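As structure tokens, one chain now follows by itself in the form predicted alone.
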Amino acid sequence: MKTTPLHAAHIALGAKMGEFAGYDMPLYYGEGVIKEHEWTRTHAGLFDVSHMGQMFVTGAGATAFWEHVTPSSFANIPGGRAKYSVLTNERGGTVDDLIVTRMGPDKFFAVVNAGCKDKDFPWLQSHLPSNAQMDIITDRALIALQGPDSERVIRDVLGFDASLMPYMWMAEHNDLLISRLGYTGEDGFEISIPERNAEKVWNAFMAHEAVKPVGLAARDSLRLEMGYPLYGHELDEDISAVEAGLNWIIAKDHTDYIGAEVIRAHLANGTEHVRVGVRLTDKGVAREGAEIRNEADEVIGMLSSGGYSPSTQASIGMGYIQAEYAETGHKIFVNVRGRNIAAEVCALPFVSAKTKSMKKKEAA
């Protein structure tokens, strides 16, 4: 099994390790999943996400390249700006979701999912124009610092003042690439670090009183509360960005990308199934793969993710449901191990985001 540059640090911390995307990764540490989840919501959780795929794309054709493989526009974003998007296939489905950051006029940094990178890299290479170059990064670790104390921790540990740094922007600090983003809904940062310094930087963060390590289990419950899709669950090669409710990433005047014809049809006509939030209103646990049924006990959808939400103290999930049942508040049932549990369709997210941009809106 593969390991990240921080594997020894996780073992030293007594992490419960498990396989994810071919890597031996920390699932949780000594205090357990719920404590790690709550700590991230109230202080600063430190995550090793070095198993994800990092790359640079450079050259005069780099902007056109990203606009060919995603439905998003990158033509007019300034240097330092990051965008969430998806890679689309000819059927309008999703090859992967990713974050692309413009570092300069002809230079982009991108991060793709760990479980998809082995298919993403050759697929992206096959669509690369002759005036662009893709360099897969194999000598940098990636960590995420997430939570309301993260800005203070970044300043204390790295000596970097991020107070004026907007959400979804990147800054270069010494040999670090610091991006103000993440997948927990909290204010936070993802930091790309040269592999030789990875453990030194990790340990420096760990020495801060506001920081505790967080494993992949809490990372999943945090993203579930935010209603963020996870590839292999809410996204796959047969699910379009429209079905997933990601219409906001599709540039209105952008039509020259892979799968654009299918995406336009979905936008114009709607889709048979749509992604919704689900909250159980009776005792039980929402399980991935559980059938969603109507009052006539007919199958109308399926949960793609599910679990306990520490923030709402409820059993929640996401799934795909026939569009006619997708209205918020619609009474449904989730069938778990042969038992129908009462539930309702919910708007996403389950908890409010606390990112830098949301704080700015609240203060306005």
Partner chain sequence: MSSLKFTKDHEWLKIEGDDTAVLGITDYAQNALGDLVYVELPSIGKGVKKGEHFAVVESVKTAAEVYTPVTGEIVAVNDDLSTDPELIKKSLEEGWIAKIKMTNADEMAGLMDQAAYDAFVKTL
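Fair warning: this is a prediction, and the values are worked out from it, not measured in the lab. Residue numbers count along the first chain shown, from 1.
Below, we turn to the form predicted together with the partner chain, even though it does not appear here.
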Query raised in the report: Just to confirm, Y308 within 4.5 Å of the partner chain in the predicted bound form by heavy atoms?
Result: yes
Query - Proximity of I34 to the partner chain in the predicted bound form, heavy atoms at 4.5 Å - result: yes
Query raised in the report: Would H254 count as touching the partner chain in the predicted bound form under a 4.5 Å heavy atom rule?
Result: no
Report task. Using a 4.5 Å heavy atom cut-off, state whether K200 contacts the partner chain in the predicted bound form. Result -> no
Query raised in the report: Since the chain is shown here on its own, which stretch among 113-121, 239-247, 265-273, 279-287 would lie within 4.5 Å of the partner chain in the predicted bound form, judged by heavy atoms?
Result: 279-287
Query raised in the report: Looking at Y320, W39, Y28, F333, which is the one with a non-hydrogen atom within 4.5 Å of the partner chain in the predicted bound form?
Result: Y28
**Report entry** Stretch 320-350 - residues with a heavy atom within 4.5 Å of the partner chain in the predicted bound form
**Finding:** R337, R339
